[in-house]
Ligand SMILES: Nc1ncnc2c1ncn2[C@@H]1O[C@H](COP(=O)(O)OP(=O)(O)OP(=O)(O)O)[C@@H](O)[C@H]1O
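Only one chain comes next, encoded as structure tokens, the form predicted on its own.
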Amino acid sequence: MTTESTNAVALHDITVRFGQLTALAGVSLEVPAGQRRAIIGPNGAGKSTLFSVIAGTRRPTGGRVLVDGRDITSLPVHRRVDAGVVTTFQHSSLFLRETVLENVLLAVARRARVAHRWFRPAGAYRDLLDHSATLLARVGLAGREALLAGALSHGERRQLEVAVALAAQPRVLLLDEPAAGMSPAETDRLGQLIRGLPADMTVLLVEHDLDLVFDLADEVTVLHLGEHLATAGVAEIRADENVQHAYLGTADVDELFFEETS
């Protein structure tokens, strides 16, 4: 049983209402430090809403969000970054007219708190340039530094977004449908990248590709109709008839996998 001090993320009774619609109804969960946790569920389950509450782009109607035991419920996104919570969103937030290196360098400079001092010669920031290049190599973009971000393939842009996120030195990394629109080969590279992240980094993943989810996750949380349906290891989730019914109204797990991954 985890305790508050060993949880990287803890959600307590998170509720989100839009008028008469309840998108999340008292969802609570705990994510231990260093865990890879996937959040899945059928359309309308509340996954994106829950993710936005953790990321800070939406304030909950009720409940609390804690990171490393600290209540961050009221913090805006940029303050959450300072607290170690960094997000890559489904829709790209890259500077497409800047180079691959410049995208990462801006994030590295912000972390080093020198982003407002660009009047100095670039050579004065050799350590920042070297660190940016190291991050790009980590995500598989070595040799692509001089390309404009807009010239990258879809999969490479997602790799670059991870490099930008890593520049902030996150303790908690939130990945919002990172494999959306990817080819099988790009998804495979993404999986390798996520598996290669530091072991002490906590990763929360919202993803529709169940093959990727089951390959990466230590535990899986399932939402259904805005409620917490189950949290367990991959084998238990795959065998859970309630989860299967939530997706397709069937207890045929093979049909579930076929529908989700085809």
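Residues carry their position along the shown sequence, with the first being 1. Remember, it's a predicted structure, so these values are computed and weren't measured experimentally. Take the two forms, find the largest set of C-alpha atoms that superpose within 1.5 Å, and that set is the rigid core.
Beyond what is shown, the protein has a form predicted together with this ligand; the following relates to that form.
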Just one of 191-199, 46-54, 214-222, 66-74 has residues with a heavy atom within 4.5 Å of this ligand in the predicted bound form, so point it out. 46-54
Triplet 42, 58 and 177 all within 4.5 Å of this ligand in the predicted bound form via a heavy atom: yes
So in the predicted bound form, does any heavy atom of residue 23 sit within 4.5 Å of this ligand? yes
Scan 190-214 and note down the residues that get a heavy atom within 4.5 Å of this ligand in the predicted bound form; none is a fine answer too. 208
Is residue 21 one of the residues whose Cα moves 2 Å or more between the shown form and the other one, with the core superposed? yes
